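Take a look at this single chain in structure tokens; it is the form predicted on its own.
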Amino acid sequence: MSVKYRLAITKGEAVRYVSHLDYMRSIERAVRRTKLPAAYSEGFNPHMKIAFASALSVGVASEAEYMDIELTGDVDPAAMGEALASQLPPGIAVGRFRQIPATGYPALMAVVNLAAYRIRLPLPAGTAGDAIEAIGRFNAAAVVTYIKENPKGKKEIDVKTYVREVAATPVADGLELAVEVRITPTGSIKPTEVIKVLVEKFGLPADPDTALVTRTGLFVADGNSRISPLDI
């Protein structure tokens, strides 16, 4: 009997600089240590049936990741949560979770269409006003073109397709930005790329390499509605 669970998990400060692949491996090893009846794919290279909503870049922490795991038999949910919590490394913690239908249920990657980020951005002394004005110019722009590069090549995108507005709050050493990024079937944009655009095209007086990015939420969004993947 196949059983599936959807879990909320974290990628904390201790594993901020761990790659998505190593993050997945850490979770798979923890599942093996729990002796949970994990399901595996068939073939010469079977892999554990775990699926994530959206991969995180190296250096980005998260307070709200989600994953689906398939088991080959029923387990006590509370015992599963406790077992995983005891085996996961520092920085990876299980939050809410629930059983989902084993078949016919929408996959995380198919339904999650919005990511929220908090970005701590140090600024040179005395430049907070200039930074606020730069973000204001970005928010007022109707179109912002950007050449996005990936292993497949270069592609011109309109940043405003994915980010309509950046909210900025002054903090002791700079700014704290709140950014919502749309995830579409044809692509998205990384928060680090948004910072790069703000610096290069709008004169934000900051060093993009010093930005500290944390994903604060993944959502199934419809207009102003924001629903956790655990609540659909």
Partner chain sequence: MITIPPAVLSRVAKPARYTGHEHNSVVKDPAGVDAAFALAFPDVYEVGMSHLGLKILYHIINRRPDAAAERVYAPWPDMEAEMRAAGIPLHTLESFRPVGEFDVVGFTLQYELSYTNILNMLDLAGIPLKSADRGEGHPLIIAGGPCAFNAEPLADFIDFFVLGESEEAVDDVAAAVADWKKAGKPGGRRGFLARAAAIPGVYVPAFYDAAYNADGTLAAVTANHPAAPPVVTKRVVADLEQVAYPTKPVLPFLEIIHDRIMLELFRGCTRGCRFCQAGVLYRPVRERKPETLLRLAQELVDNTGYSEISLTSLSSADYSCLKDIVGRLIDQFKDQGVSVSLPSLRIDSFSIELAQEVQKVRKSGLTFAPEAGTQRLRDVINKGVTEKDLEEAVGAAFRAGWSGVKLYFMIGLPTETDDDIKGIAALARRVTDIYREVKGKRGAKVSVSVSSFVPKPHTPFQWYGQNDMAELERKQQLLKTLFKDRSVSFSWHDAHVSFLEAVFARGDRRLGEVLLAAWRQGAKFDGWSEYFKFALWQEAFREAGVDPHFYAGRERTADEVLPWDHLSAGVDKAFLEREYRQALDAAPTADCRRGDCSVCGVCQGLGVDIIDWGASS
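Being a predicted model, the structure only gives us computed values, none of them experimental. Positions refer to the first chain, counted from 1.
Beyond the structure shown, there is the form predicted together with the partner chain, which is absent from this document and is the topic of what follows.
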>> Is it the case that K190, even though its partner is missing from this view, gets within 4.5 Å of the partner chain in the predicted complex, heavy atoms only?
In response: no
> Would K196 count as touching the partner chain in the predicted complex under a 4.5 Å heavy atom rule?
Replying inline: no
> Can D209 be called a contact residue for the partner chain in the predicted complex at 4.5 Å between heavy atoms?
Replying inline: yes
> Taking heavy atoms only, is P77 within 4.5 angstroms of the partner chain in the predicted complex?
Replying inline: no
>> in the predicted complex, does every one of R118, R164 and P170 come within 4.5 Å of the partner chain, counting any heavy atom?
In response: no
> Here the chain is shown alone; which of P90, G136, G126, P101 has a heavy atom within 4.5 Å of the partner chain in the predicted complex?
Replying inline: P90
> Hey, of 62-70, 40-48, 198-206, 176-184, which bit sits against the partner chain in the predicted complex at 4.5 Å between non-hydrogen atoms?
Replying inline: 40-48
> So which residues in 173-203, when you check the partner chain in the predicted complex, have a heavy atom no farther than 4.5 Å from it?
Replying inline: none
